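Take a look at this one chain, the form predicted alone, written out in structure tokens.
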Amino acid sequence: MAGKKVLIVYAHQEPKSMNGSLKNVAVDVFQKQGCSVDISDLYSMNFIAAATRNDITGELCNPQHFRYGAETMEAFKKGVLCEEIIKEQKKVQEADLVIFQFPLYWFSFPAIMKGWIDRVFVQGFAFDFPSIYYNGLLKEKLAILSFTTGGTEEMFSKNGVSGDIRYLLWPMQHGIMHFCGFKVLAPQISYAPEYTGDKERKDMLLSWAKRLETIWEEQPIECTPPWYFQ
């Protein structure tokens, strides 16, 4: 949809990977729609995953007993977070849709993407109390997880050896995205691209492209426990 802004938070070391291709497909589809697309290519940016005192450029509230959450909340209010975080927060603020593109690592985000979330979604910016879940501070935005897996779809089924994929989505989609207020769209899961043929990988890309053509018409998932634990 012309005029919409998209942020792709991308975590993969290899541009020629399936994740790289999925990212490129998204850029192409959205640009054809007249959307503006911003990309946070975390590995290329050498994004720092660790949340430390260096994230605050001003004086600490309590240097004798450092509490990251409390200190970054105050730093956000005072405008003294480090430049790296401020830049990423601005991208989020301007986006109508945030896409997280990544390979599933140990049933979760890669460390560099989890670090982005830890450092960017600080209290006061992404959430506050009682402004959480449906009242989260990012409630006007859409979010979608697009990721690849090492295991097959069968392995991630309810009776599969890795369990229902929806169980894994609970902490990522519900505990982070929905907690911060995002309207969460159903995930785009590309199962085991390394163990499929060229046709299957091409079909994954075509499926993603086709979905993105009408992504603005999609309704968010029902963000309740039954969606995840049927």
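The structure displayed is predicted, hence computed values, not measured ones. Heads up: residue numbers just count along the shown sequence, starting at 1.
We do not show the form predicted in complex with a further copy of the same chain, though everything after this point is about it.
K.L.:
May I ask whether F30, G124 and I189 all come within 4.5 angstroms of a further copy of the same chain in the predicted complex, judged by heavy atoms?
P.N.:
Looking in the predicted complex, the three residues F30, G124 and I189 all stay beyond 4.5 Å of a further copy of the same chain (heavy atoms).
K.L.:
Would A51 show up as a contact with a further copy of the same chain in the predicted complex if we use heavy atoms at 4.5 Å?
P.N.:
Result yes; A51 sits at the interface with a further copy of the same chain in the predicted complex.
K.L.:
Considering non-hydrogen atoms and a 4.5 Å limit, does a further copy of the same chain approach K16 in the predicted complex?
P.N.:
The answer is yes: K16 has a heavy atom within 4.5 Å of a further copy of the same chain.
K.L.:
Closest heavy atom of R67 to a further copy of the same chain in the predicted complex, within 4.5 Å or not?
P.N.:
R67 belongs to the contact set for a further copy of the same chain.
K.L.:
Test of understanding: in the predicted complex, would D96 fall inside 4.5 Å of a further copy of the same chain by heavy atoms?
P.N.:
Because no heavy atom of D96 falls inside 4.5 Å of a further copy of the same chain in the predicted complex, the answer is no.
K.L.:
With a further copy of the same chain left out of view, which of L145, L142, I112, A75 would have a heavy atom within 4.5 Å of it in the predicted complex?
P.N.:
Exactly one residue meets the criterion: I112.
K.L.:
Just give me the single entry in G34, G175, G58, G197 that has a non-hydrogen atom within 4.5 angstroms of a further copy of the same chain in the predicted complex.
P.N.:
Exactly one listed residue reaches within 4.5 Å, namely G175.
K.L.:
Using a 4.5 Å cut-off on heavy atoms, which residues of 146-166 contact a further copy of the same chain in the predicted complex?
P.N.:
Residues within 4.5 Å: V161, S162, G163.
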